[in-house]
Every structure is written in C-alpha cells, then in structure tokens.
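Okay, so here's just one chain, in structure tokens, the form predicted on its own.
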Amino acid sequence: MALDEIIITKAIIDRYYEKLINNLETDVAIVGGGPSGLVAGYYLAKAGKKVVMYERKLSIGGGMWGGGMMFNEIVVQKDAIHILEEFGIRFREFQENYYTADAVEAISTLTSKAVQAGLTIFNCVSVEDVMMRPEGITGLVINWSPVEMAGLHIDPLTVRSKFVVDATGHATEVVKVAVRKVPGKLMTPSGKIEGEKSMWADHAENLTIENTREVFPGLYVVGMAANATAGGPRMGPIFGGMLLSGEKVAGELAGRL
C-alpha cells in the first residue's frame, strides 16, 4: 500500500495537538527532564494524577547520560536501590552501600517507564515565565526552545497547573523567575536562592531529600534544584538522592491532590 507524505504530516500534527490540548490544564507540571523529575512524574502518574513535563533540550535525562566525566556509569547507594528495582534497572554491588548501574540503561529506562505510566513529555519546550495569582504560582508560560535560542520576539503560550515542580538542576530556572518577578519571598532563610555550594557527596545526598519541598506557594523543588535553592552542596555522579527526591515530592503532591 502506497504511503502519502501529507497523511504522514497530518498524523503527526493531529496527534501532537491532541496531546498538547489535553495537557493545557494538569495536576502537576514538572520543568526539567532529569532523573528526579522523571521519578516524580512516574510515581505521580501511577497515583492517577495528570502530570506533564517540559524539557528544554531535544533529549530527556539531564546529566545522567554522561555518568561521571563521560564514564557512563552511575553510583547509587543502598537506600535508593528499591527505586532501581521498581523500574527494572540492572545494578551491581561495588562494595557495601555502593552500587553501580549503566547510565544509558538507567536514564532511558526511567524515561520509558515514566511515559508508559502516564507522564506526558514535551521536549524542545522552554519555560520563560510563570502564571501568578494571589494564592501563588498557578501555571507556566512556555515557548519553543529554538525560539529562545534564536532570540526571536515571539509571544509564548500558557498552561495551568495546580502545582509546579522545578527539576531544572543547578540552574533553578523556575525558582529564579519566581524570585525575580513574583511578589513575595521564598521559604528559605534569606527569602531568596541560597546558592549551590561545593562538592560534599555525603552531605549533599542527605540534603537533596531534606530540601525537596515547597519553596513558594504552588512551587516545589527537587533534585539539585532543591540543594541549589536551599544552599546545599553538589554531590557529583551519585544519584540515589536524586531518585529519592523524586519519590518524595511525588508522595507529598499525591497527598495534597
């Protein structure tokens, strides 16, 4: 049977806009497609919540793809092994409390399982602003990443969400917008972003989970964005805290929803 190029084009446009329109209003909008955001999206979707993710880049996965310095292996401590088991990601014990996994298998599996659980991902989409109301942040202002990169003056579109999760890592991109443009202060000692500190893996892993919380009405932080917002150190290519952070925020939001 012959193939028609126009039907191919129509199929892509029709299905994409169906996906887009169905996600203009959601329970949770996650910004950033790294491991903490993917885990959060997976558990929220499994809990029956309507959850969407926006990733600026073409690929999903954040910094996990490269492992440490492009050695594509990651380390996960014992406390987070249950999440690898939940996703079916293979791992091996290196020594007590240190387990390794293939970085490519890990992030591709996190992505696949999250989408299959019901997370909708829009890649090549940047968040340039938030939607605010007296009660707090109620949505996002989005545009195509190539538009942002080219510096074109093209107005964005808006999506509404009951909660927003900043999973943008070191950059804390959504939190920065809130600090700069939304009236009020963050729930941090200074009321502003405290800033990421230098490497201290053990301390950082614990603080990643502790700092995963609501930092402004309607806005949560996870993963490295949580540490950067609260002033915690970086941890490098150990990912247990990232995974546990995503699990924690999903549990809290599922309870609030």
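When you see a residue number, it is the position in the sequence shown, counting from 1. All figures in this text were calculated on a predicted structure; none of them were measured in a lab.
Below: the form predicted in complex with a small molecule, not depicted.
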{"query": "Heavy atom within 4.5 Å of the small molecule in the predicted complex - residue from Asp102, Glu86, Asp79, Glu173", "finding": "Glu173"}
{"query": "Answer option from Arg213, Arg56, Lys50, Lys46, heavy atom within 4.5 Å of the small molecule in the predicted complex", "finding": "Arg56"}
{"query": "Site test, Pro35, Gly62 and Arg234 vs the small molecule in the predicted complex, non-hydrogen atom cutoff 4.5 Å", "finding": "yes"}
{"query": "Heavy atom of Gly169 within 4.5 Å of the small molecule in the predicted complex", "finding": "yes"}
{"query": "Val125 within 4.5 Å of the small molecule in the predicted complex, heavy atoms", "finding": "yes"}
{"query": "is_contact(Val221, the small molecule) in the predicted complex, heavy atom dist at most 4.5 Å", "finding": "no"}
{"query": "Contact of Ala40 with the small molecule in the predicted complex (heavy atom, 4.5 Å)", "finding": "no"}
